[in-house]
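What follows is one chain in structure tokens, specifically the form predicted on its own.
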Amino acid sequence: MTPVVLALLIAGLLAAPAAAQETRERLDNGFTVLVRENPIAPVVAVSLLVKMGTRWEDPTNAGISNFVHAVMVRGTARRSGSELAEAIAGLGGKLSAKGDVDDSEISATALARFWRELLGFTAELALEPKLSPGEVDGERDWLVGRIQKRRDNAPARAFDEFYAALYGAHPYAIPGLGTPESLAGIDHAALVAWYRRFYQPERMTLAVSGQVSAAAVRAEARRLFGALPRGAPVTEPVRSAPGNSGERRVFEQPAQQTQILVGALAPPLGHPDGAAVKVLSTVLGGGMAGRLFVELRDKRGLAYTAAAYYDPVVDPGAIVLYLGTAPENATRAEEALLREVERVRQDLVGADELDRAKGYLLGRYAMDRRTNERRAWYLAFYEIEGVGADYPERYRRAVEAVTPSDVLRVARQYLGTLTTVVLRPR
């Protein structure tokens, strides 16, 4: 496929979702409602995002945002968790809640003809959670079990150790699930206080995507959420600057493979360098044509898994290069990985390789935004992060405008000081 044909295909993919009608309304209490009318599929998706997550936590209450949502889904003032799940299943849908880095989410999907009921259940969970004291210990035990499973899983633990090393005292170093020690110190009163602190209308964004009427959805949202009073302003904590000390840490645990992660701090969401860093990460690890896959896996057989990631967030993000390799190949694989970093910091990327990276990057982005569930999340996410509804189009244009010189510049700027984590078998 030629670059011209590929560009036309990507433009079509990116334009298709944008053809649906999108509207925005901010209620008098600060609650934001976004609706995307999509007449194609008879389904509807809801994403309610709240500015509440790891960014506001510290080591003493790590994981509290996710803990709150684990208890929330156990029931509301009107019905138990099992009754709520049964009611949602009757709509042909599902409902879940979780805490994340910059936000927390209640997400739900159902057949489009039940959109009003789905919105009602979402509001019920958000505004009337029972947060029963009797559910706290059981959910804590369940979360501690999940933490142990992550620690026993070599790749998951390697990523947790990497972010801890990279971010230092910054909250992004905190694992989203928390730690057994932090969860042990979180009681029922702390969960209720945390919920009340953040579930305020001006911190909440509701996005609905599907076969619905925007006017009807906005009217129902006003009925459900419009009477919610504004809360006290949330004092933003003083956050330590991310570390990125450039150190190399080695951990050992029983495993089949050695996990190698190398990376550095990268721009936050909406930064002018964001598109170029995305292209850089795709050149290095964008699928089976990325340099790490081709050079280290295909040509030299030094890795089973080879990838690169850059996921921007509100505060500085991270560009991460990842290898899973046999223990006997670990030293050579790490050396080869560092050589690829040095190569991309010294030499311009070729035109064909750059076009391939752009095509892969924009194609994946377009495909990820084609379901109602993902579109609802993206709508709410871009709103709550403050980058604007036109961010997808700005991002597409920025990626298309990236030049070989841009890739070289951001490689030199952001891949100069590298933090390394190696997790190997004992």
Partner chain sequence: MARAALGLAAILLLAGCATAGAMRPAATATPMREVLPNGVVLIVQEQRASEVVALQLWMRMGGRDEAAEELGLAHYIEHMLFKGTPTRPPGSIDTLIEGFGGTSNAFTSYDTTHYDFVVPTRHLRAGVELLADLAVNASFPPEEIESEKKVVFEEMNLIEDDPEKFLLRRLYEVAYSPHPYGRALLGRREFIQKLDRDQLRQFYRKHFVPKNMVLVVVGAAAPAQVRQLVEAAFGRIQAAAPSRGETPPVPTLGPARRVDVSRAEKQAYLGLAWRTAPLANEDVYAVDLLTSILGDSPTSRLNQTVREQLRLVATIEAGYGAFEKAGLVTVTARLEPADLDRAEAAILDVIRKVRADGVTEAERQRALITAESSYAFDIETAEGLAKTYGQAETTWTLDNELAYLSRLRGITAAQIQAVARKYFRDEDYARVRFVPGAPSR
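Residue numbers count along the first chain shown, from 1. A quick note: this is a predicted structure, and the numbers were derived from the prediction, not measured.
Note that the form predicted in complex with its partner chain isn't included here; everything after this is about it.
- Among heavy atoms of residue 270, none comes within 4.5 Å of its partner chain in the predicted complex.
- Although the partner is absent here, residue 297 lies well away from its partner chain in the predicted complex, with no heavy atom inside 4.5 Å.
- Using a 4.5 angstroms limit between non-hydrogen atoms, residue 110 touches its partner chain in the predicted complex.
- In the predicted complex, at least one heavy atom of residue 359 sits within 4.5 Å of its partner chain.
- The chain is drawn here without its partner chain; in the predicted complex, the stretch among 58 to 66, 386 to 394, 364 to 372, 22 to 30 whose residues come within 4.5 Å of it by any heavy atom is 364 to 372.
- The listed set 338, 219, 289, 144 contains one residue whose heavy atoms approach its partner chain in the predicted complex to within 4.5 Å, identified as 289.
- The partner is absent here; in the predicted complex, the one residue of 81, 92, 231, 226 having a heavy atom within 4.5 Å of its partner chain is 92.
- In the predicted complex, no residue of 239 to 275 lies within 4.5 Å of its partner chain by any heavy atom.
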